[in-house]
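Read the single chain below, which is given as structure tokens and is the form predicted alone.
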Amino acid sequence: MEILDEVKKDFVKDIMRKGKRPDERGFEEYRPIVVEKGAIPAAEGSARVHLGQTQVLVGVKMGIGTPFADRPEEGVLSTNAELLPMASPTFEPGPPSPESIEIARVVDRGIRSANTIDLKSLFIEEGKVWMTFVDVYVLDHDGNLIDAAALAAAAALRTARQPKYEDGKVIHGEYSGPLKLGDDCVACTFAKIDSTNILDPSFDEEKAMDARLTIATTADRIAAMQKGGSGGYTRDEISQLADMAFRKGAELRSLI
């Protein structure tokens, strides 16, 4: 596997030096994107996103719980990511991997920073609030899981309905209305290969990258950033990529 990875890495870098990408996309171009809402009928909200050959499913579930002690009048948001072994030979069963933890944290951070969910609207009474669980399932891995997960999460939340709550009980299958939401947050991930930055790296391009930068945005501000890899970025590069993230973010939000 390591030898094959090195071969792929050299191939990608050689193509990049010629000003091209292996799949002939432009450096600022996403693979084809399909957003399917309502993919899990039993969930409060759900969406499946196809980003090229990458496929991510997100389900939203709600239940009653206890608020955090320092936020007694706010609901609880919990984001989890699961990398299913069938999605890639690099995924293994067991405890959450660093990759799954990173995906969950970046998606969660974007939702929180963008105030996508009005957590105060989830307060029920003293000591009792709605808990919102955003569960990310990677079904097929061909690179750029973070962007696919963030887009699927945003679309799933837009479809989410709040269950009815009467006489201290949740009435499953009946709903009081949609979740109270703010701005949608989407993520744009760039890979730096040698000195070139590309949007939406495929699996093979991720093997060749020196650094990775994810910029999550709403329509008018940056909500979160995450860097990966050992390489670095200049201030000018970050500024240019941020501008691109706003442009591409608008395209992603139009799909929700």
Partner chain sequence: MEKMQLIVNGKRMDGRGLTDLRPLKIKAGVLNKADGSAYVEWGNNKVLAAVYGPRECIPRHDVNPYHAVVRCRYTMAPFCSMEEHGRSGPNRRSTEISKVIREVFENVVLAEHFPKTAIDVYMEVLQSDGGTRIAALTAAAVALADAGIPMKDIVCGVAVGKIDGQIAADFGKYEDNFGESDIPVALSQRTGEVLLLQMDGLLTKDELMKALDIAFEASKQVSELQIRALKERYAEKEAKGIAPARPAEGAQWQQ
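Positions refer to the first chain, counted from 1. None of these values were measured; they are calculated from a predicted model.
Same protein, other form: the form predicted in complex with the partner chain, not shown, and the subject of what follows.
Shown alone here, Q226 lies farther than 4.5 Å from the partner chain in the predicted bound form, counting heavy atoms only. Heavy atoms of S121 never reach within 4.5 Å of the partner chain in the predicted bound form, leaving it off the interface.
Although the partner is absent here, L139 lies within 4.5 Å of the partner chain in the predicted bound form, judged by heavy atoms. Taking the partner from the other structure, the partner chain in the predicted bound form has a heavy atom within 4.5 Å of a heavy atom of Y175.
Contact check at 4.5 Å (heavy atoms) against the partner chain in the predicted bound form: none of T116, R158 and D183 pass. Remark: of stretches 141-149, 68-76, 100-108, 121-129, the one touching the partner chain in the predicted bound form is 141-149 (heavy atom within 4.5 Å). A heavy atom within 4.5 Å of the partner chain in the predicted bound form is found for one listed residue only; from I40, L199, I193, L213, this is I40.
Contacts between 70-86 and the partner chain, taken as any heavy atom within 4.5 Å in the predicted bound form, involve N80, E82, L84, P85, M86.
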